[in-house]
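Take a look at this one chain, the form predicted on its own, written out in structure tokens.
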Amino acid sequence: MSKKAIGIDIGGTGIKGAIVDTKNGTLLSERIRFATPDGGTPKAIAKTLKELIVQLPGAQGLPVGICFPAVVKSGRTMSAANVSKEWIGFDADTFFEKELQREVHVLNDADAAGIAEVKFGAARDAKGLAILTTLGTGIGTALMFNGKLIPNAELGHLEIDGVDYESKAAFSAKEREELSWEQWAKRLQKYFSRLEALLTPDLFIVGGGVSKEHESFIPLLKLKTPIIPAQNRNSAGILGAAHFAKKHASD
């Protein structure tokens, strides 16, 4: 049986995709990237996905996993971040299957990254509760318990000090306010300490582009829980989405 699937990562500015070996978590094609179309409507994004898939050699008949910046329940996008509001309450699975003429499975983008880290990365064989946090424009989170996804954990939006704390602790806040690593780490300390108090996790994994600079801030954090950088970085969404699609494929 083929262990291949297409993984596609839809973001507010870019759409990336590749063919993935879902057994060992490697890319079997070049990673193709298109700009997210202005407005981010379902029709415009579907058109871009068709153009992307055509450029993937050997894509015929492969299931597609799509990770998306939204809460996703049973293939329906229940929210929308940096894309059209048309996605709210939208049956994305059915829509993409009709447009792409193949089996499609949609999931939250942070959840896809979490799956990638558990299956192929930093949380492989992790026991208990692992929490992935993606530190970027906002804070995305994924909860994995003994390797099983607990979907749609929007823990980046915890209220701390009277505000949605991703506005203070996301990497975008560091850049916007020109914070030093030490200043930003104080905010991360408050955020991760709150997660510890609420959930008593066994492992934190830090993802997002800033994870490549983990030595500048992770050692500044004083936590009871081990905290380590993610391994899959820019390919995490693609890998996790492809694995999710293959796992749920009808064949």
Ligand code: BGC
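These numbers were taken from a predicted model, which means no experiment stands behind them. Residue numbers run from 1 along the displayed sequence.
Separately, the form predicted together with the named molecule exists; it is not shown, and the next lines address it.
is_contact(residue 69, the named molecule) in the model of the complex, heavy atom dist at most 4.5 Å: Output for residue 69 is yes: heavy atoms within 4.5 Å of the named molecule.
Verify the contact flag for residue 83: yes if a non-hydrogen atom of it lies within 4.5 Å of a non-hydrogen atom of the named molecule in the model of the complex, no if not. No, residue 83 stays farther than 4.5 Å from the named molecule in the model of the complex.
Residue 139: heavy atom within 4.5 Å of the named molecule in the model of the complex? Because a heavy atom of residue 139 falls inside 4.5 Å of the named molecule in the model of the complex, the answer is yes.
Might residue 77 be said to contact the named molecule in the model of the complex, defining contact as any heavy atom within 4.5 Å? No, no contact at 4.5 Å.
Given the stretches 173 to 181, 83 to 91, 108 to 116, 123 to 131, which is the single one in contact with the named molecule in the model of the complex, using a heavy atom cutoff of 4.5 Å? Looking at the other structure, the answer is 108 to 116.
Pull the contact list for 153 to 179: residues with a heavy atom within 4.5 Å of the named molecule in the model of the complex, in sequence order. Heavy-atom contacts to the named molecule in the model of the complex: 154, 157, 166.
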